[in-house]
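This document starts with two versions of one protein chain, written out as structure tokens and named structure 1 and structure 2.
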Structure 1
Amino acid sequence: MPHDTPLIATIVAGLGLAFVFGALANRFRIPPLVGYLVAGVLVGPNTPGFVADAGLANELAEIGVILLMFGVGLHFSLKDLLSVRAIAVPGAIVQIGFATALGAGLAWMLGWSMGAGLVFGLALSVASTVVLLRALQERRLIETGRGRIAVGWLIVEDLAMVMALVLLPALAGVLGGQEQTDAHASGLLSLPASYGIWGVVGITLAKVAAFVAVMLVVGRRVIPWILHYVAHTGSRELFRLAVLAIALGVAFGAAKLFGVSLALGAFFAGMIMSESELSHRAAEESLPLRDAFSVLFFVSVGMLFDPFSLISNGWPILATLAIIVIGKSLAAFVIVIAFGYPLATALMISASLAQIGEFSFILAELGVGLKLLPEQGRDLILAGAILSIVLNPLMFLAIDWMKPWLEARAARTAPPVEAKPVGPATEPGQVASVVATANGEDGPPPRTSLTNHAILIGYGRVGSLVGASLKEATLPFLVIEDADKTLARLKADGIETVSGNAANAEVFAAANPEGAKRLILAIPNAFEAGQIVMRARAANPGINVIARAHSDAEVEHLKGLGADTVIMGEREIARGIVEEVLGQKPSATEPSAA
């Protein structure tokens, strides 16, 4: 019975309804996360019918946050983090201050105390880890310069909120609340107020520094060694278990021993693990659980929302939403522009931060527990979170719509920037060495001058082998790629590139598909590849399309959309083995070489 198994009932109800409403949302071209939130509202305590266990749902959602931040850390090096400190640190601090001031102003208008205004404003200033990272992942922006700035900004916000959670209990009496600590708080949150404000701050900084030192000194040696040891056992099951144990164990230990948030602990674990050559495999092994538990995060948020509060707190909710969506976005936009970054970067950062999430809920609960924040404040924070999460995908659509108009207006007041060659021109028939300088941050990339060329989508393990063969055969081709490190390597090799996601119309058009001879899709994502195939067929019906797949269903899917040849890895491996057994070695031009 469901009452005897609350954990199972919560998982089944959460994932089952999330699938149903997520599929409906996708059918009507609405982001699936809206369906996940609706599922949460339906299983929450504020609507009739089955009520899931909110406590269990929150803990399951926390696992999703841990795995998501761990995955980001796997693609994010310490060098990347330090490279954006000049914009991420001052930008996040100024934006937090501006949003907190706006929130405190609304609290004053509602007749709340100074302490309530401080807690309320802080809760509105910090973006949701899950929402921001999901948005960047869907647009394949995490490994770009803009993505690194957004993640670095998020890390600074998380650190600031850890400090706030530590200091609020110590300052509660001064701010008009009760001097007490949360009985369920862990790590630094249980520090007594008797240490004094500066004592608490000092201990906080010391413990965070100790955690970073342990991860950099000990973690760098222990974590890669564990992965390599398990990999040599040959057991995929043990390897998957090792990855999850490291991610969850480091996150939990960081929170309990050092007072660092679970999300930050997991991020550092992933960042240390990224130094191992097994990091790519680790990311693949943690992906399925990461997706499942991140869905439970949105369900848990929906469970907290009372839809009837939209009627009882109409204008305060609208004012709260305006602070989150307009106030925070405007502050971030101005800050990024003031630091001299391109318009596209400023728009993307401002859209990414135009929502609130998990830290806001924690702050709200702590504020209510300390008698600093009235319960109406918690309701406004929850409503603002739900509505801002729902509106966040629309913010990205809005900036995509606004960007061409704003860039055209800016171009009228500034001289155009031309792409510069990075080396001498090559002989006829050779690959051009002029690299498109646009990186997705400076507007649409310039259109290539190549004709009768091949367009290679993706330059990973498969794409790099294909590219090497094309270059050796002196066939003209260009690469569409969005990873900065890969783009730099291609530029150094004199291979022409277009930076960005090929599913984007402007990026794909820059590769001149109308004049191309063939399209080679080396990316493993069959759904994204299908969109590119349709776009290529519309631009050039005669183009020869070659794609890769991992299953018979993907083969049929891509062929149905217009691919001429779809190569399935498993078939080519079997073919190569059979030819080896029969003594017939495949030639270098065989598809299996790709």
Structure 2
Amino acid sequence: MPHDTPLIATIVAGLGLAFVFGALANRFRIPPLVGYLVAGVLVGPNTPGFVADAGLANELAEIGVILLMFGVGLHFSLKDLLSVRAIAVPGAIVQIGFATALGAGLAWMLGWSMGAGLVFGLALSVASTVVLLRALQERRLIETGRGRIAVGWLIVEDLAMVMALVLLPALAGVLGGQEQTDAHASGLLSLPASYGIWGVVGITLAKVAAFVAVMLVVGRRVIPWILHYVAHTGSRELFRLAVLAIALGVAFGAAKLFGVSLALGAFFAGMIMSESELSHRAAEESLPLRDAFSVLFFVSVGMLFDPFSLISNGWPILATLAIIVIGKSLAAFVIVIAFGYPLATALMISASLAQIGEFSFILAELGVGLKLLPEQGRDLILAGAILSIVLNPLMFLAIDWMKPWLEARAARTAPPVEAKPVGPATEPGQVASVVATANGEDGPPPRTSLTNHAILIGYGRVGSLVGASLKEATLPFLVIEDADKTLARLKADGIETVSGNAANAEVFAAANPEGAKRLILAIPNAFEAGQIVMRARAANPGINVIARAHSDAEVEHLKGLGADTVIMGEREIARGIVEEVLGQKPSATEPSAA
């Protein structure tokens, strides 16, 4: 090689092998993230052959965390965040407390110090942002009530960890470790121990509050202004660059100036951008990098893992894993149920939090650096992380199995709980009514009684116009939608709905495709639409299928799978323009672009 290029080598080896093993995993019907982790183990220092730069891989993974949280922020408003605080704050705190106690108990059994137990327990108590968000995204849960609780919960955990990271160095002396006087690796995060515990807590909280205030007061004005200014230059490239620069800049600034985590900074940047519809869409477009970087997160975790530690540390690893997967989930489950939420919500929150990741590694490193945590502790945390990440998709499968059984039990032992309506933020006392919904969040959606009806999928820019016309013509129809806000609007309009992802077999079946006359696909994703078309054809060969597409290739794809009519959006736009210019309808129905 002409010169040394560790960054390029790390990206190429990481992404290349992740692709190969991800594809292999997929072939064997294992979640691809297992493949990414294996790729990481292979390029890591614990296996022979090429060794990628772990430090670089880690930083690249951090970019993935920033972009993921930025993307989540784009789907959140301040109101959404506040609407889940009544469950997320106590939930996360109680769960952290419980997991920390379990971790400390295991540490005690292993003969470690109290300080070691505290660090170990805390490390087991926080979930990984990347694992959680990807799990929610894959299942299209982010914009549901349950998804919002999970994200709110994650943010509280994130804040708690920021607190732990600043407090540990200050407390190290008291806890039996080595007191640290200089700032540790994460820069300005740590504060001198001389401030005392309460001083450190106070300063940290003040910094977080200052960051939030700066974002809400200054960021809210400056960011939209910059975006509008750039939009007027007419350069798409500059616009995307502005979005990316703001996301990364705010995250980095938040971490360096205010001691807030990168993830939290990025989340706020996204939340502020989401307030304007224009920047929202543009920002979404500029996120394709997100997936690539979040894959590198799994590779970097794999790199840290030493497969041989599994042999030398047998039962402590199993105990660690049990705390993460069973202990934490049970705690979350009990809390969510105690707050009056439906079973499905409790199960989903438990499953999504039953893993650990990046924060745990940072805590473990810090603990070892402060001489609080023995090296064995770090090994256990790493093994626990990798195993819990691998098991996480199985947790989601497990809740699907357990749901019917638990529901049957609940029905036997308690009177049926009335489903609660979806609603915006309410008073703190009224937690239970915030997120529980009457439209299928607590079990498979109920089957419609409609027959000879039309099934309309998606109620966005396209579907809502179609729906309005169907309603006016008094044709029987129902809508399948997965966005909570849209569902609430549908309900207000008195339109029958099935809530959930239409590509999901259970959800689709609830719309009675066998008895339906027509299927109208008003969703933008042609792959999802294709899947639904196939399912509809299988259920009802005679159903009339009308689909939406945005390119000729999509038209072909959907027709090939059995759609009767496919309307290409861009063609219709051209038709409208021609009509406006020439004052007449274009003569043929065939493509005006041909």
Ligand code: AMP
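In this text, all values refer to a predicted model and were calculated from it rather than measured experimentally. Structure 1's sequence is the ruler for residue numbers, which start at 1. Rigid core (definition): largest C-alpha set, two forms, superposition within 1.5 Å.
Colleague: Quick one: identify the form predicted together with ligand AMP, either 1 or 2.
Modeller: Looking at both, the form predicted together with ligand AMP is number 2.
Colleague: Please check if G249 moves between the two structures, taking a CA shift of 2 Å or more relative to the superposed core as movement.
Modeller: It does not, since the G249 C-alpha is displaced less than 2 Å between the two structures after the core fit.
Colleague: After superposition on the rigid core, does the Cα atom of G97 shift by at least 2 Å between the two structures?
Modeller: No, because once the rigid core is superposed, the C-alpha of G97 moves less than 2 Å between the two structures.
Colleague: Once the two forms are fit on the core, has Q376 moved its CA by at least 2 Å between the two structures?
Modeller: No.
Colleague: Using the rigid core as the frame, report the C-alpha movement of V566 between the two structures, one decimal, in Å.
Modeller: Value for V566 between the two structures: 3.9 Å of C-alpha shift.
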